[in-house]
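Just so you know, structure 1 and structure 2 below are the same protein chain in two forms, each on its own as structure tokens.
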Structure 1
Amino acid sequence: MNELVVRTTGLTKRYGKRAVVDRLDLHVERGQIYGFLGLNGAGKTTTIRMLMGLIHPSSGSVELFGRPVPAERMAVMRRVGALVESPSYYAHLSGRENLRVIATLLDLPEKRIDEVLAIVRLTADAGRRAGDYSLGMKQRLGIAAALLGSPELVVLDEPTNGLDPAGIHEIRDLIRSMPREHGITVLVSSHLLAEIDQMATSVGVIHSGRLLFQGPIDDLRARSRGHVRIEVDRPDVALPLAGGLPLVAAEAGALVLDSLVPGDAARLVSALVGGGVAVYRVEERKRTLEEIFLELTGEGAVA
């Protein structure tokens, strides 16, 4: 296994009796783009705040690069860049001056400011007041700030929130290029599965504070085995004819089967027709990631 850049153990945050984050074991490996997926209010931001040492866990622990946070926060944070929730900026300062404040704190040269401005394509607007920026520009300024210290780990909390499609596309490309071009590990949170699907290599699905799934996004996709749905006029007659096949359910007017090899499908249809059952429609339905996500979170809600 690769080096774990982020590792939480039983991470829990309670407000009163309610556990906003519940025994989370997050594992982010070096070089991954880890998509942290969950609905609004699932506990994503609270988790990220604990990763950054901004709030203290009720129990459990956080390790970044194998060092405990917040205990060794000062030593570790030089290697981390973060955009926590909404972008933070001084409205009265220009984009460049905002970055200069951080560059001063991190003791970075002016050249680095030019570099990150170029990366997020804000060079032309660097002199304007950040308060007058559009939402997309503010978001990009926040990402520039996260990249400023040449971090090894970038944590982006809902970086595409409130952006238009073009802006989303741009930021997605930027995130995808980070591991490749700069060797950066990325942890990106979102409530949109489609977005995570398009950039993440690994996913963690959080719901009501619990981690429901964690692993390669392909494993999540593998759950989307297809179903074959056969609409018939008399399911009660059809049911015995499908004997021996992986039957999932017989609903009103239809048989639902686990994915069939083509030969089985042909044999079943011919058996149905031979048995006097009218077959209206045979369709294969692949579950989308969206459905898997909803199923996961549905389970989570029930549990």
Structure 2
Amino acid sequence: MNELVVRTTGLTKRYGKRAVVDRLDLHVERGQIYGFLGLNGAGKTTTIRMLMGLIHPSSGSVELFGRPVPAERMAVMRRVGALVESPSYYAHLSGRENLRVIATLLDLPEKRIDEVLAIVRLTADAGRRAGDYSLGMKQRLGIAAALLGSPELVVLDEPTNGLDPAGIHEIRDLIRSMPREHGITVLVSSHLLAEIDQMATSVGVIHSGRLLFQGPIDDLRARSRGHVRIEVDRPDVALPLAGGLPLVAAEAGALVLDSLVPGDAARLVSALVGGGVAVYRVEERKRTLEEIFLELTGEGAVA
């Protein structure tokens, strides 16, 4: 395992008797884009606020760069940039002026403002009032503010929420560039699996405060292994003809072959036709990541 930038152990937050976050063990390695995926209300923002030391856990612990939060929060936060919920900005100031306020507080040079404006592609609009920005531009301004201190870790809470497709594409490209071009580890939360699938290298799935899955996104994709459904006129007669092929089962009007190997499907079709069984249709079926997500969270049936 590479260096852990984020590590939580048994992280729990209760309000009264209700556990909003329940014994969470997050592991985010250096250089990853970690997709923190869950439905609205799953506990993502509460978890992020605990990571940032904005609220205290009821139990469990948070470590960033191997140092405890909130005990060493001030030292650790110098290495972290965050956009939690909506970006904050002064509507009457320009984009550049908004960043200059933060840069002054952090005692950063003017050239750093130019650098982050270029990273988020706001250089041409830096002189416009932030209140006149589109929602996507405001999100990019918020990310620019998070990048000002040259952080090693950036935490983004639902950064594409409410954006149009063009805005989503811009934010997605920006996030994907961070580890590759700037050496930044990213933790990004979302309720949209399709967005996480297009930018994350690792994923954690949270539901009702509990972590249901954590690992490389390729491991989640591997669960989408599919099958071939072959519609026939007599499934009861067809089933014995499928001997030796992997896990063939009969269902209403069809056989289901637990394999996507083309040769397996061809052998089965040949055996069925040779045995006098009419084959009406051969269809490849593969579970989508959306179906896997719904299966994990119990929010829907899997086909």
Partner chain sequence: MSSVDATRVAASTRGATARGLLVADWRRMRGTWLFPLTVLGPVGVTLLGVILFLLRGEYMLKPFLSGEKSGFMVVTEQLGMIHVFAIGLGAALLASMIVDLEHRSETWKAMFSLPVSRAGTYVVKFVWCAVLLAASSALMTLGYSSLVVWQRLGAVPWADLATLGALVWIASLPLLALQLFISTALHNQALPLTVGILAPIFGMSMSDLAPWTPWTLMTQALAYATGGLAAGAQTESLTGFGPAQVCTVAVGTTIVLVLCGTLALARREIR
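Computed from a predicted model, the values in this text were never measured in an experiment. C-alpha atoms forming the largest set that superposes within 1.5 Å between two forms make up the rigid core. Reference numbering: structure 1, starting with residue 1.
Two copies of the same chain, shown separately. Which of them is the form predicted together with the partner chain? Note: form predicted together with the partner chain is structure 1; the other is not.
After a core superposition, would you say M52 shifts its C-alpha by at least 2 Å between the two structures? Stays below the 2 Å threshold, so no.
Once the core is superposed between the two structures, does L64 show a C-alpha displacement of at least 2 Å? No; that C-alpha moves by less than 2 Å between the two structures.
Answer yes if the CA of V279 moves 2 Å or more between the two structures after aligning the rigid core, and no otherwise. The answer is yes, as the C-alpha of V279 shifts between the two structures by 2 Å or more after core alignment.
Cα displacement of V269 between the two structures, core-superposed (Å): Once the two forms are fitted on their core, the shift reads 4.9 Å.
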